[in-house]
Each structure stands twice: as structure tokens, then as C-alpha cells.
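A single chain comes next, written as C-alpha cells; it is the form predicted on its own.
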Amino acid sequence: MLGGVSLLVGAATLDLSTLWSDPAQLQVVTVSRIPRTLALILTGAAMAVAGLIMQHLTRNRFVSPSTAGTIEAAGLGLVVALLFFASAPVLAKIGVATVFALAGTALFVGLIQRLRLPDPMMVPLLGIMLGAIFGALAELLAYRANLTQAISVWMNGDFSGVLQGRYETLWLAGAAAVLAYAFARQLTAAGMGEAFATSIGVPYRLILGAGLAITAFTTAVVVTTVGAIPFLGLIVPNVVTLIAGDNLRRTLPATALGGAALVLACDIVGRLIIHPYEVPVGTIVGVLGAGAFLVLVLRKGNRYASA
């Protein structure tokens, strides 16, 4: 239903009665509206799945690409790619961003495993601090190369420029989400801890690395193509797992649908608030996500206080 509404909402007015007989209106739908709707669905589904994988593998409900430094690391990789590989194709830039996102995520996971923080709320704070460092490095490089305005766009997801031929790389993020579903049972076992996973024959470190690689690749593709969507991987997985539990085989499809629905809804609202202008999706999701993150922190704090 939200996808259908997305096809009808925009700066250009569509008349359904003359849609198939008017070449101009038909072009608006095929070149702009359908690609944009598909991009919204792919982005929402893939980033929600990435957040669920991170939360499950780290066994912390506060962890997501936004609170683990993954998004900022991917942005740093994109800046490096533009500085040193400016003429490279988009897939090459995605590859560089993926390497940086994977390295940043691996550093985050290594730190929380080594430090063994007693308070789960300290884990996302560590990730936010790590992300701030990556963001500062990206800003420094962008400032020296006169790319400051460009990096501000990448760090706030916006679908206003999505057209046919400019979104197709997002299918790679969708493929990564499907791959995660194929390994759902192994990821579920890895989320139970190394001892449990090893006892049932699951290669814990291999599955952990695969899960982090899927998360890093998904984040890199989304940041490179449409920009960052903050807290998307935090809101949806928490809501879905609260209802459906922690079995990834069961929760991954619902998480993907929930992420797509949230991004579609936020995009529709963003197009209607100041019509015919737009508010970026990243701004709306960021406001909702910040509120949800605050609620989670307060609930966890109240639980500790009552204990």
C-alpha cells in the first residue's frame, strides 16, 4: 500500500485516467517514481536486516550501523575513494567503502570483546565515539579536498535524485539481505555465543566474519548510492524481535518488510510536509530513531534502577 502511495506522490501531478495515453506522465512514472520506490524498499529492507544481524551477533539491542561507527567508516572510505580513485567506477568506490566499513565494524567488535564492558549501554556509546573519530577524519580529508558539502549530503539519506540508472547498485544490498536469510540458522547459533555455536558444529568466527561483512557491504552500498539513513537499523529490529523473538529465520523477513515500510512512510511524509519541496528521508528517520534510542536507554536504565 505504501509503495502504491509512493508512486502517486511527488512534485508532478499524475492523472490516472490519462496515465497510459500521456507519454510525459508515463515517463515520470517509469523514469522517476518506480525507481525511487524500488530504491526506498531496497534501502529500508537491507539496512533493517543489517541492524538485526549486528544486534544479534553482538547480543546488544543498542547496536546498529549508526551506533557502531559502520556508517561513518563507510563515509570515510567513500571520501578516500573519491580522493584517490575519482575516475573509478561506482562498484570500485563501493568496494573501498566496504573495506573501510568492515574494518571499522571489526575494530568496534574487537574493542567490545576485549574491554568486556559491564553495562550494555556503554557499548553503543563506545560505537558513537568511534564513529565520531571516523567522521572527523572524513571531514578533515573532505575539507582539504573541498568536498565538505558533498560529505554532508552523503551523511543524510536523500532520494530526490534517484532516477532510472542511478539506483541499480541498491539491488546488491538487497542480494546481501537475501544471503543473510540463507545463513539465518548459522547466524542465530553464532548469536548464542562461541561456546554454544562450536558445540553444535557452527564455525563461530567464520559466521561472525560473514555477518559483519554482510553488514559492512550493505552499509557501503546504501551510503554510496543514496546516503546514510541513521538509526534505521536500530528501530525496526527492536520492534520486530520484541514481537517475534530472536530466531533470525523467522524475524528476518518481518524485519525487511518493516524497514521498507518505515522508509516508504518517512519518504511520503517528507514529500508532503513542504510540498512541492522535500525533507530528506535521513532527517525524518533520524528524528524518529533518536527518540527510539532515548526510549530504549531510559527503559534499560529504569530496569537497572529497579533491580
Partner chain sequence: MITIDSLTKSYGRQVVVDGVTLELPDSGVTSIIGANGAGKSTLLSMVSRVLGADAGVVTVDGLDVWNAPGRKIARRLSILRQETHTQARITVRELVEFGRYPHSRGRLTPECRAAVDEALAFCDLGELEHRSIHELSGGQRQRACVAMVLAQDTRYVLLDEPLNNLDLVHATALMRLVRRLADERGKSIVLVLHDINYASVYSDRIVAMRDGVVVRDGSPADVMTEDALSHIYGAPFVVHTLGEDRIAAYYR
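The shown structure was predicted, so the numbers you read here are calculated from the model rather than taken from an experiment. Residue numbers count along the first chain shown, from 1.
Another form, the form predicted in complex with the partner chain, is not on view; read the next lines as being about it.
**Student:** So, in the model of the complex, is residue 165 in contact with the partner chain at a 4.5 angstroms heavy atom limit?
**Tutor:** Residue 165: no, not in contact with the partner chain in the model of the complex.
**Student:** According to a 4.5 angstroms non-hydrogen atom cut-off, is residue 98 in contact with the partner chain in the model of the complex?
**Tutor:** It does not: once the partner chain is placed as it appears in the model of the complex, residue 98 has no heavy atom within 4.5 Å of it.
**Student:** Indicate whether residue 188 is a 4.5 Å heavy atom neighbour of the partner chain in the model of the complex.
**Tutor:** Heavy-atom contact with the partner chain at 4.5 Å: present for residue 188.
**Student:** Verify the contact flag for residue 276: yes if a non-hydrogen atom of it lies within 4.5 Å of a non-hydrogen atom of the partner chain in the model of the complex, no if not.
**Tutor:** It does not: once the partner chain is placed as it appears in the model of the complex, residue 276 has no heavy atom within 4.5 Å of it.
**Student:** Give a yes or no on whether each residue among 199, 243 and 250 has a heavy atom within 4.5 Å of the partner chain in the model of the complex.
**Tutor:** Verified in the model of the complex; spot residues all in contact, yes.
**Student:** Only one of 192, 133, 210, 151 has a non-hydrogen atom within 4.5 angstroms of the partner chain in the model of the complex; which is it?
**Tutor:** By the 4.5 Å criterion, the partner-contacting residue is 192.
**Student:** If contact means a heavy atom within 4.5 Å, which one of 178-186, 124-132, 137-145, 90-98 is the stretch that engages the partner chain in the model of the complex?
**Tutor:** So the stretch in question is 178-186.
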